[in-house]
Ligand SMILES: Cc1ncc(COP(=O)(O)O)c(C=O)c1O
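Given as structure tokens, the chain that follows is alone and in the form predicted alone.
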Amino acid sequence: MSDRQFGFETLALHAGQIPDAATGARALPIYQTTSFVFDSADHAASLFNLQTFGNVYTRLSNPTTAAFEERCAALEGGRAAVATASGQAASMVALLNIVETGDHIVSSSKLYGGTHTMLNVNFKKLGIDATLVDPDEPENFRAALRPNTKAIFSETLGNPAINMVDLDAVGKIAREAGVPFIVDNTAASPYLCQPLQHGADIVVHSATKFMGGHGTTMGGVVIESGKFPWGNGKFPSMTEPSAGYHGVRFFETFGDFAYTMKARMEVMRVFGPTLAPFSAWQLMQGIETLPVRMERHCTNAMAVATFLQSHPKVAWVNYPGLQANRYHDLVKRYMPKGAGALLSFGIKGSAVSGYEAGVKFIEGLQFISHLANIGDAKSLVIHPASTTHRQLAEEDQIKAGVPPDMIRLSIGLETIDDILWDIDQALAVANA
């Protein structure tokens, strides 16, 4: 049985967890503890020396969290994973694990607003530079490379631009440059896309979104492929003795999961953005239904996009599932099961500006919720220019794929006729 290649749905229910040996409990237990008893002084020393695997302190590892990490790695086809307290923490940990003062990152410019700020503001304070490029042309990533570049970063589907990156092409550029390609796969979820199968070396998720799926729990995860050649000379922190952890050489000692061990012992241990065991348990409940939820998300989103495309009060629609969309061919290649739950549009024919029309539309909705989140079972809406990307100058908003009139929808699992009714009546309010 162990040699069988199980399907995605089976992995979503079983990977990383078996019935509890002590009690026989079928459901994953919540190990709500800060620390773990050592067998002896020698056992404690071997754990701290990384000579023995085991639990020491929940900031580093916990059995409930470990099950979540293993399941996420299995769903992405990765080697190992480390969980974090949020998706933003996952992006931070993924990068700080391999970059330091004087290093450089090349990134897509079409990013979640918090990641944009992290790269352009917070990392600059640490002496880490970032060049953000238009991801629609893969060669832009190559042109921005420098001798001190340590990573290429992108989102699978940009949020909220909903652009699709050519993963294979960018991954090839990263391999030729000898740097890892790090992909935020939040908006697609591993059910719709597995970037590690298309040239990515590391995947991050805001598990808060589709993985959890119910808008209740914050969490993130970093997953490595186990295939990147960390000994290529560009990453001395992976190959030289660690000053922060007993002189261990992570790549030499841990091989194909060295990146994860270093992230856990050097970044998580010191900065502490730990996922709580109860949060890991809640996220595991969401993962169990991820496949069936994503199918419904995609079906409903496609119906909404088709409806908006033919609506007389709508100026434009951006949904890569539509055949006329510029990213349609890329989505068919990398996301054959569906184009996801996110779409955006603008309103036309209003007596007010596109910005004001968007505000009126949102205020006119009856049950679609106005909030800063995606990936909930419920349908959600936001006006990015005035919220998630408000901290950016208008020029930077445009570069990030956020025009002033953009309305972003995260389509949920409600009855499709009810979703269409709410959108239609709100469009009438916006044009009143």
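Note that the coordinates shown come from a computational prediction; the quantities given were computed from them, not determined experimentally. All residue numbers refer to positions in the sequence shown, first residue = 1.
Beyond what is shown, the protein has a form predicted in complex with this ligand; the following relates to that form.
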Contact residue in the predicted bound form, from 108, 208, 279, 225 (heavy atom within 4.5 Å of this ligand) = 208
Option touching this ligand, based on a heavy atom within 4.5 Å in the predicted bound form, out of 140, 120, 86, 300 = 86
inquiry  = Test of understanding: in the predicted bound form, would residue 362 fall inside 4.5 Å of this ligand by heavy atoms?
reply    = no
task = State yes or no: in the predicted bound form, is some non-hydrogen atom of residue 78 no more than 4.5 angstroms from a non-hydrogen atom of this ligand?
result = no
ask   = Might residue 112 be said to contact this ligand in the predicted bound form, defining contact as any heavy atom within 4.5 Å?
value = yes
message = If we define contact as a non-hydrogen atom of the residue within 4.5 angstroms of the partner, is residue 201 a contact of this ligand in the predicted bound form?
response = no
key: Segment assignment from 179 to 187, 97 to 105, 315 to 323, 69 to 77: heavy atom within 4.5 Å of this ligand in the predicted bound form   = 179 to 187
remark   = Within 329 to 345, the residues having any heavy atom within 4.5 Å of this ligand in the predicted bound form are none
